[in-house]
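Below: one protein chain in two forms, given as structure tokens, structure 1 then structure 2.
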Structure 1
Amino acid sequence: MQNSIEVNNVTMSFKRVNALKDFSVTFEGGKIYGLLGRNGAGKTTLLNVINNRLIPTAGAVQVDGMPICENDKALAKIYYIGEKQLMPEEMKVKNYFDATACFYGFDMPYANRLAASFGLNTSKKLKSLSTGYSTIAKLITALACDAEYLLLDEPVLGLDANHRELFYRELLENYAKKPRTIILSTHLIEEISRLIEQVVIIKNGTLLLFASAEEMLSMGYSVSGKADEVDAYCADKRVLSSDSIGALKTVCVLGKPQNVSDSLEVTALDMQKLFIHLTNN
């Protein structure tokens, strides 16, 4: 399919574990995706498979209808940043920008502008950067390159609140000027919950949820009130979790509220809470 990343029945086995099990998902072009999952769920493995850094045990990935495996043309459409810095650590930041420009179309003035707004000194060597600035250097290369698909694994790792805020703004501004597919994999769910259009949740190497952010937010709600009344209301509903403090009970319920009596209080669940309930064992 044109303008998409298709992951078809991918299984990725390591010595003892199956990190992905018969996994299929399609990322449509031009949307911002949130790739969520608990530690070890298979998020990074999926991104590595998509970018051909890992060759799946079974199944295949297609980018714009072309197989990704050993395919330069397809790979050139994807830019991936992860936890590891693959460039030589003696390299200076500005040379890191130059190096990226060898492989992708690259907006150097924009990269330098971004470096200035984040306060990144481009004459520094990569090895001398703090965790936060190391991430920032990678983010800048991602924003300034012209790849149609950006895979950002833990894009705010080590960033302080100010820099995270700045990154989210720059990302949206960049996306407005040049709409492309962006996959954000992060644990800071609340921070990206309004930024993303689609949510993809992985659990134990399988796809748990693929929905729009709006659909996900309307999947559940919480009800609180007197314990016996709450219990009566929840009798025929799927309860995700419940907490009691004395006679007051709060229950998270899957579905949409129906005929709730006035004595009970209904509130929305945020994305992080829903995520926790959906992925708890």
Structure 2
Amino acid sequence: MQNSIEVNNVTMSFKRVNALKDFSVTFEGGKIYGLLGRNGAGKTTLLNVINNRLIPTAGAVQVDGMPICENDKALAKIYYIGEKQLMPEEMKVKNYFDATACFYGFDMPYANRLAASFGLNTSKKLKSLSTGYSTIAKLITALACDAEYLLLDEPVLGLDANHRELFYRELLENYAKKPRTIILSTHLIEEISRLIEQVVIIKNGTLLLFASAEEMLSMGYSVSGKADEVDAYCADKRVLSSDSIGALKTVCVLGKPQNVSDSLEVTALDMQKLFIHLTNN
């Protein structure tokens, strides 16, 4: 399929552990995906298989209809960042940008503008950067390159709240100017819930949920009000979680709201609470 990453029946085994089990999913072009799962679910393994850093035990990956395995043309369409910094530690940030520009189309003025916005000194060596600024250097490089598919594994590792918000804003602006496929793998579910269009949840190496963010959130709702009224309403409901403050209570419920009293307030479900419910069962 053109304009897509297709993962077809992939199994990835490490000795006696199957990190991925007959896993299939298609990431279509021009969408932002949230790749979610608990620790050890197989998210990073999946991204490494897609990027040909791991050769699957079984199955295959195609990018725009081309096999990814040892295929430079297909791999040139993907830019991946993970927790590890793969560039030489003695390299300066500006040389990191230069090196990336050797393999991808690269918007150097944009990268330098982003560096100024984030307060990143491009004359510093990579080894001298804090965890947060090392992450920022990688994110700027990803945003400035012209790869059609961005795979971002824990992209805000070590960033403070201000820098995380700046990154999310820049990501959306970048995507609006040049729509492409972006896969965000993160544990900060609520922070990315407003960014993502599609949700992919992995549990124990298998695909648990593939749905639009809207479809996922429509699986439940929150109801708030006086504790006794909320308890009475939820008596026969599937409750995901509840929080109380004094005489007031908020409960997350699975299903569709029905026959809700005017004295109770119904709001959209918290994506993180639904994720916890789905992955705990």
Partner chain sequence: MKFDFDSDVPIFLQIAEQIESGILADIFAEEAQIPSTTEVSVTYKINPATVLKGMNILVDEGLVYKKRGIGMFVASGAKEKILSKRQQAFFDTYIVTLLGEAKKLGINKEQLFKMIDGGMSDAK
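Think of the rigid core as the biggest set of C-alphas that the two forms share within 1.5 Å after superposition. On a predicted model such as this, the values are computed, not experimentally measured, just so you know. Counting starts at 1 with the first residue of structure 1 and goes up one by one along its sequence.
*Mind telling me which structure is the form predicted together with its partner chain?*
Answer to the question: structure 1 is the form predicted together with its partner chain, whereas structure 2 comes from elsewhere.
*Just checking, between structure 1 and structure 2 are residue 115 and residue 250 in a single rigid part?*
Different rigid parts: residue 115 and residue 250 travel as separate units between structure 1 and structure 2.
*Could you tell me the angle, in degrees, through which the smaller rigid part rotates relative to the larger one between structure 1 and structure 2?*
After superposing the larger part, the smaller part appears rotated by 26 degrees.
*C-alpha positional change at residue 261 between structure 1 and structure 2 - rigid core reference, Å*: Residue shift at the C-alpha: 6.4 Å.
*asked:* Rigid core superposed: how many angstrom does the CA of residue 226 shift between structure 1 and structure 2?
replied: A shift of 10.3 Å at the C-alpha.
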